[in-house]
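One chain follows as structure tokens, the form predicted on its own.
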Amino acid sequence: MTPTLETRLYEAVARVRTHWRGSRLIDGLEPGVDGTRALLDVARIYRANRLEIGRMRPLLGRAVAGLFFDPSLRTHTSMEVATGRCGGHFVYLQGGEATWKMEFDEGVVMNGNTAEHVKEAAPVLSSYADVLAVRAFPRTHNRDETVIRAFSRYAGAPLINLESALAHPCQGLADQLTMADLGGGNSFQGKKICLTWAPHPKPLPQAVPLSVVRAAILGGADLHVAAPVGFDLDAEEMDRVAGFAADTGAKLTLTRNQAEATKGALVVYAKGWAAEDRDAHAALAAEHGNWTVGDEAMRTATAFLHCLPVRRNVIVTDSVLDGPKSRVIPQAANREPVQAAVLLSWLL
């Protein structure tokens, strides 16, 4: 007898829990190789049956509190839709002016413009919601990850990082799902993936490119990271994720040659990030206008990806973004099922 959708969903969630018992999704490496694969299986079930799962309302009575210190279009919408479609309730909280200004430093005398300390805010929110989801990406290269690490320390509820200075794990999960789709099924093992720096006038954080690296390594890709001199990714984070390569068979190549990195790639993933000398970023980025991804870079590649929002004719040309190799819309759509998979795996 064919198992019911409910049975398949519960069995898939059970497989996640076999490999991942954690209650924090901070950088995307927490589920490990097998836990990530199991999460993506839950996401595929959800994606193929979302309306029926919506009628099942498996998370009825559950609540997710989303605290956004920075703006969002896809992350907020996909998280709220995933929660609601599963039958849960999403509470949107805008940090900064719309809530009390929050303090994160220890031992501080709060006689300035901060009115609430994270030591109270995180546990209070945890008493209301079954999951906390926090988005806070400072414009500086904050290796301490001050906001998300503070919430992780003091929150009693499970916690999802909705983007910080060094990580965007839900984007990474969506990227893995998209790359697996492009790989012809459930895997992109051994496939050539190119992550290329592209010029951007602002010194953007490394959250997305580092999450692309984590996603590609967890998926066993032949990853080529192309960037000009002065735009290398965080060495400590790159070394840490490279440790997973032995478990997945992944390969990692760092190069200054964008043309070689894009040649024959299954995916060309373009993203701008800050120069190592942030004060000189604008001038340095302007010197590399030829790194904009155009038709020649995509000539032998299969698909173009970008996390969005994207600056047209700066990061990528109109001809590529509007062309047949662009997969940025289905890539963005995959945010909903992977986020639903995390919630279901924690709360079902």
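We number the residues from 1 along the sequence you see. Quantities reported herein were computed from a predicted structural model and do not represent experimental measurements.
FYI, the form predicted in complex with phosphoric acid mono(formamide)ester isn't displayed, but the following is about it.
Participant: Looking in the model of the complex, is phosphoric acid mono(formamide)ester within 4.5 Å of a heavy atom from each of 62, 83 and 130?
Facilitator: No, the whole trio is out of contact, none within 4.5 Å by any heavy atom.
Participant: Mind telling me which stretch in 315 to 323, 302 to 310, 286 to 294, 26 to 34 gets its heavy atoms within 4.5 Å of phosphoric acid mono(formamide)ester in the model of the complex?
Facilitator: Only one stretch passes the 4.5 Å heavy-atom test: 302 to 310.
Participant: Given that phosphoric acid mono(formamide)ester is left out here, which of 126, 187, 72, 152 has a heavy atom within 4.5 Å of it in the model of the complex?
Facilitator: Of 126, 187, 72, 152, the residue with a heavy atom within 4.5 Å of phosphoric acid mono(formamide)ester in the model of the complex is 72.
Participant: Hey, in the model of the complex, is residue 135 touching phosphoric acid mono(formamide)ester, heavy atoms inside 4.5 Å?
Facilitator: Residue 135 belongs to the contact set for phosphoric acid mono(formamide)ester.
Participant: In the model of the complex, does residue 178 come within 4.5 Å of phosphoric acid mono(formamide)ester, counting heavy atoms only?
Facilitator: So residue 178 does not count as contacting phosphoric acid mono(formamide)ester.
Participant: So in the model of the complex, is phosphoric acid mono(formamide)ester close enough to residue 262 to count as touching (4.5 Å, heavy atoms)?
Facilitator: Output for residue 262 is no: heavy atoms all beyond 4.5 Å of phosphoric acid mono(formamide)ester.
Participant: Report yes if any heavy atom of residue 258 sits within 4.5 Å of a heavy atom of phosphoric acid mono(formamide)ester in the model of the complex; otherwise report no.
Facilitator: Looking in the model of the complex, residue contacts with phosphoric acid mono(formamide)ester do not include residue 258, since no heavy atom lies within 4.5 Å.
Participant: Within 4.5 Å of phosphoric acid mono(formamide)ester in the model of the complex, which residues of 268 to 292 have a heavy atom? Give them in sequence order, or say none.
Facilitator: Sequence-ordered list is empty.
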